[in-house]
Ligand SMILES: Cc1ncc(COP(=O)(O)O)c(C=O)c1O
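As C-alpha coordinates, one chain now follows by itself in the form predicted alone.
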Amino acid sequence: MSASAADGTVNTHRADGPAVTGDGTRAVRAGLPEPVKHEPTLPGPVFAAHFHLPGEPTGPYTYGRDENPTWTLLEQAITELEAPGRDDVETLVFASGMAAISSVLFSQLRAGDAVVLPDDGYQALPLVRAQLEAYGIEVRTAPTGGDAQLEVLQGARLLWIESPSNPGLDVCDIRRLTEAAHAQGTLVAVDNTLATPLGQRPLELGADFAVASGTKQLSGHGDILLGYVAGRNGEAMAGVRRWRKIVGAIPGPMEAWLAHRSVATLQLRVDRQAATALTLAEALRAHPDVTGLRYPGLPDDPSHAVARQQMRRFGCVVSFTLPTRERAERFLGALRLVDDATSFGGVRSTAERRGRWGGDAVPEGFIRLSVGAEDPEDLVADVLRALEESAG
(Lines give C-alpha, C1' and ligand atoms only; values in the text may rest on other atoms or scores of the structure.)
Protein backbone atom coordinates (compact mmCIF):
# COMPACT_ATOMS: atom_id res chain seq x y z
CA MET A 1 0.00 0.00 0.00
CA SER A 2 1.35 3.44 -0.93
CA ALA A 3 0.99 6.70 0.99
CA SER A 4 -2.74 6.64 0.45
CA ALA A 5 -5.35 4.19 -0.73
CA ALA A 6 -7.44 4.74 -3.82
CA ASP A 7 -10.09 6.53 -1.79
CA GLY A 8 -7.53 8.86 -0.20
CA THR A 9 -7.56 7.29 3.24
CA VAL A 10 -4.36 6.53 5.10
CA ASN A 11 -3.96 3.39 7.17
CA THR A 12 -1.34 4.01 9.84
CA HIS A 13 -1.92 0.88 11.94
CA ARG A 14 -1.05 -2.68 11.04
CA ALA A 15 -4.16 -4.80 11.33
CA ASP A 16 -2.27 -7.41 13.33
CA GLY A 17 -0.24 -4.93 15.40
CA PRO A 18 -0.52 -4.06 19.08
CA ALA A 19 -2.63 -1.18 20.36
CA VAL A 20 -0.58 2.00 20.67
CA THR A 21 -0.96 3.73 24.02
CA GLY A 22 2.33 5.51 24.72
CA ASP A 23 2.95 9.08 23.54
CA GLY A 24 6.43 8.25 22.35
CA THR A 25 5.34 5.28 20.27
CA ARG A 26 2.41 7.22 18.89
CA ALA A 27 4.60 10.17 17.89
CA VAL A 28 7.17 7.97 16.18
CA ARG A 29 4.53 6.07 14.20
CA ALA A 30 1.95 8.81 13.65
CA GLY A 31 0.70 9.19 10.11
CA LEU A 32 2.94 6.56 8.55
CA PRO A 33 1.48 4.48 5.72
CA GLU A 34 1.60 0.71 5.65
CA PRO A 35 5.13 -0.40 4.71
CA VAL A 36 5.82 -1.12 1.05
CA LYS A 37 8.91 -3.01 -0.08
CA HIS A 38 11.66 -0.68 -1.32
CA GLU A 39 9.66 2.43 -0.38
CA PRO A 40 10.72 4.90 2.35
CA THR A 41 9.04 4.71 5.75
CA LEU A 42 7.90 8.30 5.37
CA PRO A 43 7.32 9.08 1.68
CA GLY A 44 9.04 12.21 0.44
CA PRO A 45 7.21 15.48 -0.27
CA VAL A 46 4.92 15.51 -3.28
CA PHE A 47 5.46 18.65 -5.36
CA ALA A 48 2.43 19.03 -7.59
CA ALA A 49 0.13 21.85 -8.63
CA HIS A 50 -2.12 19.41 -10.45
CA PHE A 51 -2.67 15.66 -10.76
CA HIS A 52 -3.67 13.43 -13.66
CA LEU A 53 -7.45 13.65 -13.73
CA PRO A 54 -9.17 12.06 -16.72
CA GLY A 55 -12.95 12.03 -16.76
CA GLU A 56 -15.01 13.28 -13.85
CA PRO A 57 -13.11 15.21 -11.10
CA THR A 58 -13.45 12.58 -8.40
CA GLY A 59 -10.88 11.10 -6.07
CA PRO A 60 -8.69 12.41 -3.27
CA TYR A 61 -6.24 14.54 -5.28
CA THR A 62 -7.44 16.86 -8.00
CA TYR A 63 -5.68 20.20 -7.59
CA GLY A 64 -2.79 21.34 -5.42
CA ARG A 65 -4.71 24.05 -3.57
CA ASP A 66 -7.22 21.52 -2.26
CA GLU A 67 -5.24 18.42 -1.26
CA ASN A 68 -1.76 16.97 -1.33
CA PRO A 69 -0.58 13.47 -0.30
CA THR A 70 2.10 15.00 1.94
CA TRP A 71 -0.53 17.03 3.79
CA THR A 72 -2.68 13.93 4.15
CA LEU A 73 0.01 12.05 6.05
CA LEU A 74 0.77 15.01 8.35
CA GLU A 75 -2.92 15.64 8.98
CA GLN A 76 -3.40 12.02 9.96
CA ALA A 77 -0.38 12.20 12.26
CA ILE A 78 -1.72 15.27 14.06
CA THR A 79 -5.15 13.68 14.37
CA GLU A 80 -3.57 10.67 16.07
CA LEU A 81 -1.90 13.01 18.58
CA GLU A 82 -4.82 15.35 19.24
CA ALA A 83 -7.50 12.65 19.28
CA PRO A 84 -5.97 9.17 19.60
CA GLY A 85 -8.30 6.29 18.94
CA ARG A 86 -11.08 8.42 17.48
CA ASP A 87 -12.41 8.27 13.96
CA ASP A 88 -14.74 11.28 14.18
CA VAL A 89 -11.94 13.88 14.09
CA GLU A 90 -10.06 15.35 11.15
CA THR A 91 -7.16 17.78 10.89
CA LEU A 92 -6.44 20.43 8.27
CA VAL A 93 -2.99 21.98 7.89
CA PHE A 94 -2.32 25.60 6.96
CA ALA A 95 0.48 27.90 5.90
CA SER A 96 0.91 29.33 9.42
CA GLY A 97 -0.63 29.42 12.85
CA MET A 98 -2.39 32.68 12.03
CA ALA A 99 -3.85 31.12 8.88
CA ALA A 100 -5.27 28.34 11.05
CA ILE A 101 -6.65 30.80 13.61
CA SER A 102 -8.22 32.94 10.90
CA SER A 103 -9.82 29.92 9.23
CA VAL A 104 -11.84 29.12 12.34
CA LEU A 105 -12.84 32.67 13.21
CA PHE A 106 -13.75 33.80 9.72
CA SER A 107 -15.44 30.58 8.65
CA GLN A 108 -17.70 30.33 11.70
CA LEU A 109 -18.66 33.96 12.33
CA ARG A 110 -21.07 36.21 10.45
CA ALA A 111 -22.12 39.84 10.79
CA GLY A 112 -24.22 40.20 13.93
CA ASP A 113 -22.52 37.30 15.75
CA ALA A 114 -20.59 37.74 18.98
CA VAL A 115 -17.24 36.14 19.76
CA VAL A 116 -15.34 35.97 23.06
CA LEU A 117 -11.56 36.33 22.88
CA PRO A 118 -8.94 36.40 25.66
CA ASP A 119 -7.59 39.87 26.34
CA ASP A 120 -4.20 38.41 27.33
CA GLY A 121 -3.65 36.13 24.34
CA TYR A 122 -1.35 36.09 21.36
CA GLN A 123 -0.29 39.55 20.26
CA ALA A 124 -1.94 39.30 16.83
CA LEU A 125 -5.41 38.92 18.37
CA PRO A 126 -5.96 42.70 18.57
CA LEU A 127 -5.46 42.83 14.80
CA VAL A 128 -7.93 39.99 14.43
CA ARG A 129 -10.38 41.86 16.65
CA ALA A 130 -10.21 44.95 14.45
CA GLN A 131 -10.91 42.89 11.34
CA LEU A 132 -13.81 41.04 12.95
CA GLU A 133 -15.38 44.31 14.05
CA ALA A 134 -14.96 45.71 10.55
CA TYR A 135 -17.10 42.79 9.38
CA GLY A 136 -19.85 43.63 11.87
CA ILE A 137 -18.98 41.00 14.47
CA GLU A 138 -19.18 41.89 18.15
CA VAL A 139 -15.95 41.10 20.00
CA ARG A 140 -15.90 40.65 23.76
CA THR A 141 -12.74 40.08 25.76
CA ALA A 142 -11.83 38.87 29.23
CA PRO A 143 -8.70 37.49 30.91
CA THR A 144 -7.79 33.82 30.72
CA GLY A 145 -7.20 33.42 34.47
CA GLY A 146 -10.08 32.72 36.81
CA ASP A 147 -12.29 31.53 33.92
CA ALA A 148 -13.24 35.18 33.46
CA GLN A 149 -14.48 34.58 29.92
CA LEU A 150 -17.58 32.99 31.43
CA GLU A 151 -18.73 36.46 32.47
CA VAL A 152 -19.07 37.66 28.87
CA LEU A 153 -20.15 34.43 27.21
CA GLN A 154 -23.92 34.92 27.07
CA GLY A 155 -25.25 34.67 23.52
CA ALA A 156 -21.84 34.35 21.84
CA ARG A 157 -21.48 32.29 18.68
CA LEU A 158 -17.86 31.29 19.41
CA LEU A 159 -15.58 31.16 22.46
CA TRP A 160 -11.85 31.37 21.77
CA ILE A 161 -9.64 30.00 24.56
CA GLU A 162 -5.86 30.27 24.81
CA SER A 163 -4.60 28.10 27.66
CA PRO A 164 -1.86 28.46 28.74
CA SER A 165 -1.98 32.04 27.54
CA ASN A 166 0.87 33.60 25.61
CA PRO A 167 2.94 35.19 27.05
CA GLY A 168 1.51 35.38 30.59
CA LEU A 169 1.00 31.61 31.06
CA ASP A 170 -2.39 31.83 32.74
CA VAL A 171 -4.58 28.73 32.59
CA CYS A 172 -8.35 28.37 32.56
CA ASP A 173 -10.58 25.37 33.18
CA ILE A 174 -11.24 24.31 29.60
CA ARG A 175 -13.84 21.69 30.46
CA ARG A 176 -15.80 24.12 32.64
CA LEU A 177 -15.82 26.82 29.96
CA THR A 178 -16.70 24.33 27.24
CA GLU A 179 -19.64 22.90 29.16
CA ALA A 180 -21.01 26.39 29.81
CA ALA A 181 -20.56 27.34 26.16
CA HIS A 182 -22.19 24.21 24.77
CA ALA A 183 -25.15 24.61 27.14
CA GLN A 184 -26.10 27.70 25.16
CA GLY A 185 -25.04 26.47 21.72
CA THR A 186 -21.68 28.26 21.58
CA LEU A 187 -18.77 26.71 19.67
CA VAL A 188 -15.40 26.47 21.42
CA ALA A 189 -11.91 26.70 19.93
CA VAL A 190 -8.74 26.22 21.97
CA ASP A 191 -5.34 27.49 20.94
CA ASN A 192 -3.18 24.52 21.96
CA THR A 193 0.16 25.88 20.75
CA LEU A 194 1.87 26.25 24.12
CA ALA A 195 0.68 22.91 25.49
CA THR A 196 1.02 20.76 22.33
CA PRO A 197 -1.20 17.68 21.96
CA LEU A 198 1.17 15.84 24.31
CA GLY A 199 0.51 18.43 27.00
CA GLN A 200 -3.27 18.62 26.71
CA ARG A 201 -6.00 17.48 24.33
CA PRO A 202 -8.71 20.14 24.02
CA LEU A 203 -11.05 17.87 22.06
CA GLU A 204 -11.07 15.39 24.96
CA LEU A 205 -11.94 18.33 27.23
CA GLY A 206 -14.97 19.07 25.06
CA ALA A 207 -13.73 21.72 22.62
CA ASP A 208 -14.95 21.76 19.04
CA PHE A 209 -11.60 22.85 17.61
CA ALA A 210 -7.97 22.42 18.66
CA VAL A 211 -5.87 25.01 16.86
CA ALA A 212 -2.10 25.44 16.93
CA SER A 213 0.91 26.96 15.30
CA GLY A 214 3.01 24.07 14.04
CA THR A 215 5.81 26.60 13.71
CA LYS A 216 6.50 26.18 17.40
CA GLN A 217 7.08 22.95 19.36
CA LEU A 218 5.27 20.60 16.98
CA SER A 219 8.02 21.02 14.38
CA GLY A 220 10.52 22.23 16.96
CA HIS A 221 13.44 23.41 14.85
CA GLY A 222 12.54 27.01 14.09
CA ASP A 223 12.80 26.50 10.34
CA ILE A 224 9.23 26.34 9.02
CA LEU A 225 5.88 28.12 9.30
CA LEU A 226 2.82 25.89 9.70
CA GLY A 227 -0.57 25.75 11.42
CA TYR A 228 -3.38 23.30 11.89
CA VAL A 229 -6.99 22.91 12.97
CA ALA A 230 -8.29 19.64 14.38
CA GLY A 231 -12.01 19.18 14.95
CA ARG A 232 -14.94 16.85 14.80
CA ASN A 233 -16.10 15.90 11.34
CA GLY A 234 -19.16 17.85 10.35
CA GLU A 235 -20.45 21.21 9.21
CA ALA A 236 -18.03 23.27 11.29
CA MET A 237 -14.91 21.57 9.91
CA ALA A 238 -16.39 21.65 6.41
CA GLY A 239 -16.51 25.42 6.80
CA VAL A 240 -12.85 25.49 7.82
CA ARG A 241 -11.93 23.39 4.80
CA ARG A 242 -13.94 25.67 2.51
CA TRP A 243 -12.18 28.73 3.96
CA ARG A 244 -8.76 27.19 3.27
CA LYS A 245 -9.78 26.57 -0.33
CA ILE A 246 -11.12 30.09 -0.82
CA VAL A 247 -8.19 31.88 0.79
CA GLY A 248 -5.52 29.45 -0.41
CA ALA A 249 -3.72 29.48 2.95
CA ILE A 250 -2.01 26.17 2.28
CA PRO A 251 1.37 24.86 3.42
CA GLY A 252 4.10 23.93 1.00
CA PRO A 253 4.74 20.20 0.67
CA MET A 254 8.31 20.61 1.93
CA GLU A 255 7.11 22.36 5.08
CA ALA A 256 4.50 19.68 5.67
CA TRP A 257 7.08 16.92 5.20
CA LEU A 258 9.58 18.60 7.55
CA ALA A 259 6.89 18.95 10.19
CA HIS A 260 5.92 15.29 9.89
CA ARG A 261 9.58 14.28 10.09
CA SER A 262 9.87 16.33 13.29
CA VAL A 263 6.76 14.84 14.94
CA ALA A 264 8.72 11.62 15.49
CA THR A 265 10.86 13.34 18.14
CA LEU A 266 8.03 15.38 19.69
CA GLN A 267 7.72 13.33 22.86
CA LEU A 268 11.48 13.34 23.41
CA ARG A 269 11.65 17.10 22.94
CA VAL A 270 8.55 17.94 24.96
CA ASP A 271 9.64 15.83 27.93
CA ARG A 272 13.19 17.19 27.94
CA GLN A 273 12.11 20.81 27.50
CA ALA A 274 9.36 20.63 30.13
CA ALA A 275 11.67 19.04 32.68
CA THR A 276 14.33 21.68 32.08
CA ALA A 277 11.74 24.46 32.18
CA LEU A 278 10.68 23.34 35.64
CA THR A 279 14.31 23.19 36.79
CA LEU A 280 14.93 26.69 35.46
CA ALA A 281 11.75 28.05 37.03
CA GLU A 282 12.78 26.64 40.39
CA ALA A 283 16.19 28.31 40.07
CA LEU A 284 14.65 31.65 39.08
CA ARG A 285 12.24 31.54 42.00
CA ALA A 286 15.15 32.07 44.40
CA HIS A 287 16.65 35.06 42.56
CA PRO A 288 15.98 38.41 44.28
CA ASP A 289 15.69 40.41 41.05
CA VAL A 290 13.06 38.15 39.48
CA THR A 291 9.39 38.98 40.00
CA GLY A 292 6.18 37.74 38.43
CA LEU A 293 7.62 34.29 37.72
CA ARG A 294 5.14 32.06 35.92
CA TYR A 295 5.33 28.41 34.97
CA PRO A 296 2.24 26.18 35.29
CA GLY A 297 4.35 23.27 36.49
CA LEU A 298 5.48 25.05 39.64
CA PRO A 299 3.38 23.84 42.59
CA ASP A 300 2.95 27.42 43.84
CA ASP A 301 2.08 28.90 40.44
CA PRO A 302 -1.40 30.54 40.49
CA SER A 303 -2.52 28.26 37.64
CA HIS A 304 -1.01 25.00 38.85
CA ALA A 305 -4.13 23.55 40.45
CA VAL A 306 -6.16 23.93 37.26
CA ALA A 307 -3.25 23.02 34.98
CA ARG A 308 -2.57 19.70 36.67
CA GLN A 309 -6.22 18.68 36.17
CA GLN A 310 -6.11 19.06 32.39
CA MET A 311 -2.44 19.08 31.35
CA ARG A 312 -0.12 16.09 31.21
CA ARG A 313 2.98 18.22 30.53
CA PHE A 314 3.40 21.89 31.36
CA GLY A 315 5.30 23.20 28.36
CA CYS A 316 8.65 24.77 27.60
CA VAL A 317 7.98 28.46 28.29
CA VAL A 318 8.86 30.33 31.48
CA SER A 319 8.02 34.00 31.96
CA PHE A 320 9.29 36.50 34.50
CA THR A 321 9.97 40.20 34.96
CA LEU A 322 13.21 42.07 35.63
CA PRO A 323 13.17 45.49 37.30
CA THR A 324 13.60 47.67 34.19
CA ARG A 325 13.70 47.57 30.42
CA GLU A 326 17.42 48.29 30.50
CA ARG A 327 18.08 45.43 32.91
CA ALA A 328 16.10 43.05 30.71
CA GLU A 329 18.06 44.09 27.64
CA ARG A 330 21.39 43.68 29.45
CA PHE A 331 20.29 40.24 30.61
CA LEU A 332 19.38 39.16 27.07
CA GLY A 333 22.67 40.49 25.77
CA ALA A 334 24.64 38.54 28.39
CA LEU A 335 23.10 35.16 27.52
CA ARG A 336 25.34 32.79 25.58
CA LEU A 337 23.18 29.67 25.17
CA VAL A 338 19.90 31.50 24.60
CA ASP A 339 19.15 33.33 21.36
CA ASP A 340 17.43 36.72 21.51
CA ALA A 341 14.59 35.81 19.18
CA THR A 342 10.82 35.65 19.06
CA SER A 343 8.75 32.46 18.80
CA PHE A 344 9.17 29.49 21.12
CA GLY A 345 9.26 25.70 21.24
CA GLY A 346 12.50 25.10 19.36
CA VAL A 347 15.39 22.85 20.32
CA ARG A 348 17.54 25.95 20.81
CA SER A 349 16.51 28.13 23.73
CA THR A 350 15.23 31.60 22.91
CA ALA A 351 14.20 34.60 24.97
CA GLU A 352 12.99 38.10 24.35
CA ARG A 353 11.78 41.23 26.06
CA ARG A 354 8.21 40.79 25.03
CA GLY A 355 7.28 44.45 25.38
CA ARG A 356 9.40 45.37 22.37
CA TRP A 357 6.53 44.41 20.05
CA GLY A 358 4.01 46.67 21.74
CA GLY A 359 1.11 44.22 21.46
CA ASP A 360 1.17 42.63 24.91
CA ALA A 361 0.05 44.21 28.20
CA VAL A 362 3.25 43.30 30.03
CA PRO A 363 5.85 45.29 32.02
CA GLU A 364 8.84 46.73 30.17
CA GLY A 365 11.14 44.21 31.85
CA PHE A 366 8.97 41.17 31.05
CA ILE A 367 10.92 38.21 29.65
CA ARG A 368 9.45 35.22 27.81
CA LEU A 369 12.02 32.43 27.78
CA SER A 370 11.54 29.27 25.72
CA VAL A 371 13.60 26.37 27.02
CA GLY A 372 15.34 24.26 24.39
CA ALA A 373 17.05 20.90 24.48
CA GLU A 374 20.39 21.99 25.94
CA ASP A 375 21.73 20.23 29.02
CA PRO A 376 19.74 21.57 31.98
CA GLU A 377 22.85 22.32 34.02
CA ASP A 378 24.40 24.37 31.23
CA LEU A 379 21.23 26.33 30.52
CA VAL A 380 20.47 27.16 34.15
CA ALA A 381 24.08 28.20 34.74
CA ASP A 382 23.97 30.48 31.69
CA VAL A 383 20.74 32.15 32.80
CA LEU A 384 21.94 32.69 36.38
CA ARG A 385 25.28 34.04 35.15
CA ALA A 386 23.53 36.46 32.80
CA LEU A 387 21.33 37.66 35.66
CA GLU A 388 24.39 38.42 37.76
CA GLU A 389 26.33 40.07 34.95
CA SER A 390 23.37 42.27 34.02
CA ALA A 391 22.80 43.43 37.60
CA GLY A 392 25.54 46.01 37.39
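We number the residues from 1 along the sequence you see. Everything numeric here is computed off the predicted structure, so don't read it as measured data.
What comes next is about the form predicted in complex with the named molecule, which does not appear here.
Heavy atoms of every residue among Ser96, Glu162 and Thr193 are located within 4.5 Å of the named molecule in the predicted bound form. Heavy atoms within 4.5 Å of the named molecule in the predicted bound form are found in exactly one of 244-252, 221-229, 306-314, 270-278, that being 221-229.
Among residues of the shown chain, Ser213 is one whose heavy atoms approach the named molecule to within 4.5 Å in the predicted bound form. Residue contact with the named molecule in the predicted bound form: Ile101 places a heavy atom within 4.5 Å of it.
Among heavy atoms of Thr79, none comes within 4.5 Å of the named molecule in the predicted bound form. Among heavy atoms of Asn166, some come within 4.5 Å of the named molecule in the predicted bound form. In this stretch, 319-358, the one residue having a heavy atom within 4.5 Å of the named molecule in the predicted bound form is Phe344; the partner itself is omitted from this view.
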